[in-house]
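We begin with a single chain expressed as structure tokens, specifically the form predicted alone.
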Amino acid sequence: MPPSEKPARSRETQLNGPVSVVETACPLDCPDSCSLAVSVQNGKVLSLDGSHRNPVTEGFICQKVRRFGERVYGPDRLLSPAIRKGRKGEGRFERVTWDAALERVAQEMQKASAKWGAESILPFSYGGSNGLLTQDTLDATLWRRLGTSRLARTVCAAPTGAANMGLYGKMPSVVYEDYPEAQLIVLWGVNPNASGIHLIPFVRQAQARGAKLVVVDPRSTQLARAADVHLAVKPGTDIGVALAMHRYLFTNGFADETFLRDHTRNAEQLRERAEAWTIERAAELAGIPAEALERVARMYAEASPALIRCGWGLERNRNGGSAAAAILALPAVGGKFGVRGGGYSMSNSASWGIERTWINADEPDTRVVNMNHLGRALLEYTDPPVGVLFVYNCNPAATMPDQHRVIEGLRREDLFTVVFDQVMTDTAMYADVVLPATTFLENYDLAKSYSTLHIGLVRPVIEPVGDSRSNADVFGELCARLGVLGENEPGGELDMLLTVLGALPASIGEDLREGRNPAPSFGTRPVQFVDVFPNTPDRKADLCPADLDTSAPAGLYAYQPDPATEQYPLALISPASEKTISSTLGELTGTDAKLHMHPDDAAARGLDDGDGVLIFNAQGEVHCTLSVVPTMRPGTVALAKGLWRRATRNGMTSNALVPDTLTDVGGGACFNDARVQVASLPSA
């Protein structure tokens, strides 16, 4: 499948050679999966722009991806395999050949397996910016056949995913194109300006047609300022707000009893658990006006079509799974399904029903390590200890909770660490072996969007920079070296691409081969409870799933109190940034991170805009610059998600202050449960 090239002529073309525009797709961790048009000259990327192959992203892309060439050719790019020289964390490496690097990796895995068993090997990865080819193909084959420890990838979307699965079996949800049909849109815990910009035009269209907009977010985001109502809730209180809306629906005759009888289970349990949540109680807990919450409940009860966009910001606390379940249950209780533009909108990642049958190995019954407990695993696990850590598609030194313990674990001289990445990340600084990976502009992949229903073919637009290699090629080589690859099995990127395409439903694979946009059997604009139904045995929504109810510490929909103390009263949140995709592109964001704080909180502490500040709690401290902004709610401060250690004055990020406690369901991270104090940074 060679890239389609469109020659362009200009004075620059005449001087430097022809410019080709190559179409590909963006696999980075964003709901939209843009189609791209990349200009290439003399084998190098000149610029990235949007193409029109994906009809929803429609030719425009975010500034993050426009800058991606700076990563491809930047000073942090890994260009060759290297082996550590000196102490861990010093960043001193000696260039070696791929053969030498992979042989060393294979030997260390064999030694660890012989000494402690294969469970002493911990693969560590996260797939947000990877498609069907670059994660869970030959890498999964390698780990399964070796019998390594397994990783619970729960740092993001685990609580919301568990809630969605428990209630609806991840039923396909409302897509962007149907937002203009809604008369009420509730954006709950999501900020499209930072993550998913292609939703914004559809929200604007709905508003132009008379739709009301509600935003639930601790910050006054751009869309919050354009909303009819903004509920600036305290982090961790979304559960009470959602249950108060349920109580309003039940007690005021707005619950759709016919729908609940015919299409749901356990509605009575939800009704009982919402009973204690009056509007006044929930508003006081959330720190919002009771009249504003009642107005939102009334607007939701009376509007049709009414649509709730359930984001991921609301899950990042001790009550995250229950909050997500309560929010997702609202359209069932309110009778909002069955019409275009009504229901809920969330991730459509599971909507295609694609099974990874190309992983030709059963998952072993080995221990499972929750990735949010990486620090514990590296420092405390003894039966067996973690002897080999293989990091790829991930930068845990910058992204995992309890950053101090993670870094302490990475410093272990008896831990053999491999980092396979595109750039010299914070984690790579502690590696024994670094392996250079290709970017999505240099390899094949299949990018599946999780907002709209679109799959795009990612294809190389340039040759690999330096000696970088694709995930499938490297893991195929390791499979061969460790003797776990059978004859006639795919052993590299191109073979694996053909295998994956062949394993997809026939129409999808054929469409991708022929350059068409594939569509699921139910179409690309499904109406919930008309075109699609819950993926449960009886096709009913379960409003209080037993497995979620038993796994939650106090039962589903129970509120766990705020962890704030008199000593550490401020809630620290780490919202998505307009500059990074998680920590990807974090090397380009500069070295002066800003803590956002409300003017009242700053004044109470004698702080001014631009001051150096110390953010601290019992776990550690972060030194950075203060930005006093009225868009923050009082009592809450924010330091952006995805920052690299170089972005702060003391080399620590918000994760140094985040506990490694887990959400009520799903085992997710509690980033927004960090409680801190802020003071002026003493002069050096």
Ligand SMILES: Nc1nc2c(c(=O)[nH]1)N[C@H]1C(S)=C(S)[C@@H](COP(=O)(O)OP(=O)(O)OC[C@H]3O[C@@H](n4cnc5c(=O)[nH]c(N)nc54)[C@H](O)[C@@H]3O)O[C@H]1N2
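Every value quoted in this text rests on a predicted model; they were computed, and no experiment measured them. Just count from 1 along the sequence shown to find any residue number.
As for the form predicted together with this ligand, it is not shown, yet the points below apply to it.
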### 4.5 Å heavy atom contact with this ligand in the predicted bound form for all of 173, 452 and 545
no
### Query
Which single stretch, out of 233-241, 138-146, 90-98, 379-387, brings residue heavy atoms within 4.5 Å of this ligand in the predicted bound form?
233-241
### Query
Looking at the partner-bound form in the predicted bound form, is residue 420 within 4.5 Å of this ligand by any heavy atom?
yes
### Message
residue 127 versus this ligand, in the predicted bound form: is there a non-hydrogen atom within 4.5 Å?
### Response
yes
#### Entry: this ligand contact in the predicted bound form: residue 336, any heavy atom under 4.5 Å
no
### Message
Given that this ligand is not shown alongside this chain, does residue 641 nevertheless sit within 4.5 Å of it in the predicted bound form, heavy atom to heavy atom?
### Response
yes
### The unique member of 297, 581, 369, 109 whose heavy atoms fall within 4.5 Å of this ligand in the predicted bound form
581
### Query
this ligand isn't shown here, but in the predicted bound form which of 499, 191, 207, 304 has a heavy atom within 4.5 Å of it?
191
### Message
Within 4.5 Å of this ligand in the predicted bound form, counting any non-hydrogen atom, which residues from 297-317 show up?
### Response
311, 312, 313, 314, 316, 317
